[in-house]
Structures are given as C-alpha cells and as structure tokens.
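Only one chain is included here, represented as structure tokens and corresponding to the form predicted alone.
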Amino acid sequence: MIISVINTVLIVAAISGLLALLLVIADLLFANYGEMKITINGKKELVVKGGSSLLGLLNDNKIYLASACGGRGSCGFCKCKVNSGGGPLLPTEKPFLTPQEIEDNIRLSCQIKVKEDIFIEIPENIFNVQKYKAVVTEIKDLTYDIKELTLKLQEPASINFKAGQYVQLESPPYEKSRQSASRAYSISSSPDNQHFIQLIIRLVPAGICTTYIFDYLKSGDEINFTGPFGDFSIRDSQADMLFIAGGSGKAPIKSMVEYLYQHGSKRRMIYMFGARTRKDLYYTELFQDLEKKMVNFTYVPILSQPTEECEWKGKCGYVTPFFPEYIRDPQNTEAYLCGSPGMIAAVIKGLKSNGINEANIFYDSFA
C-alpha cells in the first residue's frame, strides 16, 4: 500500500515536471512576439524583441535598475511603475510590494515578460547608473569573514556617487556557478575618491558572489559592477548625527564619516558599532584616529558576547540600552542605520522610544 502511494506521487510529480518543461520549450520555440516598444517616462522609447524580462531588456539597453539578486525575484529591488502592458500582477511579486505600491501599479521588472507594448515610469536618476570595468588593486582581510576590496576604475575611469550608496558587483561564471551573478555591496570609500572605490564584503556560506570573491578573486583581476544605486545618504542639515551599524554594515557609515571629515563638518556625530566578540571588530584604529581629528566625533564599539579571551573593557550588550547616554537632543537628531532587517527594526523601536522622530531615521537594510 505504501509503495503504491509513493509510486503514484512519483508519477504525478514526473508528469507535472514534464508538462512544465514542455511549456517552457513551447514558449521558446513558438512564442514569437516580434518587436515591442518600451516607453519610459512618456518620452524615451526602446524597440526590443518581445518575450524576455523587462529587467533584462532594460539592462540590454544600458538602463540599470537595482537588482541585488540578479533578476531571480528574491530581493524585490527592481521596482518600477507600469502604467500599461505589464500583464497581471504575479504571486511572485506580491510579497515584495506594499498595498499602496500595488494600488500605484508598482511591479518587479524581473517578473514581467514583455509580450506587448509597455509603458513604465522610473526615477530620472536611474539614467545616471552605468556599468563599470575595474581592476582589483588590493584585497585585504579585515576579520576572519570580512574582506575589503579596492577597485581601480578602467572604463569609465571615474564615478560620481553619494556617501551611503551601493553598487552591484558581478561575479563571472566559475566552477561553482555556470552563470554570472550580481550582488549589492555598499561603497565604503569617500565620494571624493572618484577613480577607485572600496567595498566591504562579508562571507555568505555557499553564496555565489562571496565564494568567488573569497576563494577565486585575486589582485590584478578585472571585475565589472553597475551603479551607483540607493538613496541612503547624508541629509543637508546641522542636526546631531547618530550612526549605528553592525558587521559589514560599517561600509556606508565609513564612507559618510570620512566624507564629513574631509569637508570639515562640525556636526556632532556618535558612531555606535555593534559586534559579537573582539574578533568581529575592525577599522578600530581608523575611527579612533578620526576621534582625535574631529572635535565632535565619538566612536563607541559595543560587544554583545565578549569572551574571556577578548579581555574587553568597553561597553557590553546591545546598542539600544546606551541610547540615553548619547542622544543629547532627540528632536534635533538624525539616525543613520545599516544592518540586517532584524537589527534595523529593533534599533528603530529603541530610537523612537527615546524621542527621535521616525522621519529623521534613515537606513540601509540588507538580508
């Protein structure tokens, strides 16, 4: 009886798989959609061959929407407004869209196949995003699982970006991945250095891009990236600044603090960096040196799980209990956060309970 049930399940699964394969083959062989038009912001037209994803077709025409997952529908970054021609909203899109976004016809471009003329809207600054070729000039170990990459730009030879923005680094096909893949990494260097960028990259076990970077990429290799992306940036005010980050979330904060130092900012700045143990700390000397050079800058590393080996004499626990000690004027404080979604949510809750207006909380969240 059990064997019969198992055989039935296997047969049904095999038939379902075969039907799915036949549908894919039929779509490839017989679905000749011909030429289609993509109209962007009511003024720019692209003539494309129908049948491919909107994200891919835009990329082919050097219009790069953010896509940290490389178009696999798992990051939710490649959003655009579709006024007509996008077909019905797919179940694969809904988890990444708010009710308001759905009402406003926001879609994931990687999930839309262009099968008819389509009219879309994208932010104007997307047209400033470019694809860059670069050479790796240095790979430095910052911790046991975090590396710093220095990339010298080749073509174009310079980049304009805001402190806090990110790029999408592309790993080529290699023995553990038959396809190229792109992932988002924040720029850690100052925007004043336009001929090279630095990235802080944390190892993701079995991650396609990080495995390539940690195990295969070498100094002198060429690598491509697109960017800059993102609106996580310094606001133009004189409010106190509270920076909070953990792990590789130090990247955009480093870019911001170095930029503010280089431009002689007098704003009051507190940087609280959370780590588990002492071996997870890095750039400590750099930020301690900035403390000496900047009158109003304070660096506060905090360990959540210090061990005896750490011989740690600094602050312990999570960052939120220390907010009252460092928030001087909640109504005149801006908070800049970078870390995991869970960390961001906990910190926002703590900031709000300490009187900081949510409108003054800015963050870059990564999974």
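Here the structure is a predicted model, which means the values were calculated and not measured. One-based numbering along the sequence shown.
Just so you know, the form predicted together with a small molecule exists too; it's not on screen, but the next bit is about it.
- For the small molecule in the model of the complex, the listed stretch (155-163, 118-126, 288-296, 205-213) containing residues with heavy atoms inside 4.5 Å is 205-213.
- The contact residue chosen from Val82, Leu149, Ala275, Ala184 relative to the small molecule in the model of the complex is Ala184, the criterion being a non-hydrogen atom within 4.5 angstroms.
- Screening Ile40, Ile302, Ala68, Leu57 for any heavy atom within 4.5 Å of the small molecule in the model of the complex leaves a single hit, Ala68.
- Of the heavy atoms in Ala251, some are within 4.5 Å of the small molecule in the model of the complex.
- Although the partner is absent from this view, Phe77 contacts the small molecule in the model of the complex, with a non-hydrogen atom inside 4.5 angstroms.
- When the small molecule is considered in the model of the complex, Met256 lies well away from it, no heavy atom lying within 4.5 Å.
- The small molecule in the model of the complex is not approached by Arg267, whose heavy atoms all lie more than 4.5 angstroms from it.
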